[in-house]
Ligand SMILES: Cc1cc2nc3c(=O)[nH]c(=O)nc-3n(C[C@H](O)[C@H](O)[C@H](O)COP(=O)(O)O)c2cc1C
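One chain comes next, on its own, written as structure tokens: the form predicted alone.
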């Protein structure tokens, strides 16, 4: 596929056929995705391919408490899991309430997903330039999410689809223990990949003029 076509048609696919993804295809995706940039080219990322159905199932269930919080914060009119304004939701109580319906069924049955990967990053190799600022850190992600996104772009190029979820980070200690990761190896993303039952080709995104300005945040919109 042409590069721009891949960029414009890679959507969050969560509903897949039963088609398997061969190791040959997975290797080809990763062999190209590895050229993603990272801070100082330190390449602290690592990818764990989950083949064991029980480990897949456990990873999916680890995401459920965070997903319950996500649902209830939406119902409260909030932007889920944001760090600027204090939530009105009792996070601990909601996370533990198994009676709350799952809004994304995929996590209940992750063992049925053809390809599951966990992307982690060794924090020893990450330059967290914003670590002393009085806000949630975001810079560290620049050393790992290009790799994760390259994997999804590669999957799209192979006629597959997938999605990136960070819900697994809400249960990072349990995920680290399950996967044999050390405490300094942060769990950055869980990727689910397969052949989508329906391939979307027209995605809805803001126009360039809506989020790009010249010289200042309140400057003139860039129209090209």
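None of these values were measured; they are calculated from a predicted model. Numbering follows the first chain given and starts at 1.
One more form of this protein exists, namely the form predicted together with this ligand; it is left out here, but the text below deals with it.
- Under a 4.5 angstroms non-hydrogen atom cutoff, this ligand in the model of the complex lacks residue 100 among its neighbouring residues.
- Although the partner is absent here, residue 205 lies within 4.5 Å of this ligand in the model of the complex, judged by heavy atoms.
- When contacts are judged by a 4.5 Å heavy atom cut-off, residue 25 does not count as touching this ligand in the model of the complex.
- Proximity of residue 43 to this ligand in the model of the complex falls outside the 4.5 Å heavy atom cutoff.
- With respect to this ligand in the model of the complex, the three residues 59, 113 and 118 uniformly fall beyond 4.5 angstroms at the level of their nearest heavy atom.
- This chain is displayed without this ligand, yet in the model of the complex the stretch 162-170 from 48-56, 162-170, 176-184, 35-43 comes within 4.5 Å of it by heavy atoms.
- Interface residue among 127, 91, 76, 104, judged by heavy atoms within 4.5 Å of this ligand in the model of the complex: 104.
- Taking this ligand as positioned in the model of the complex, the residues of 1-28 that bring a heavy atom within 4.5 Å of it are, in sequence order, 10, 11, 12, 14.
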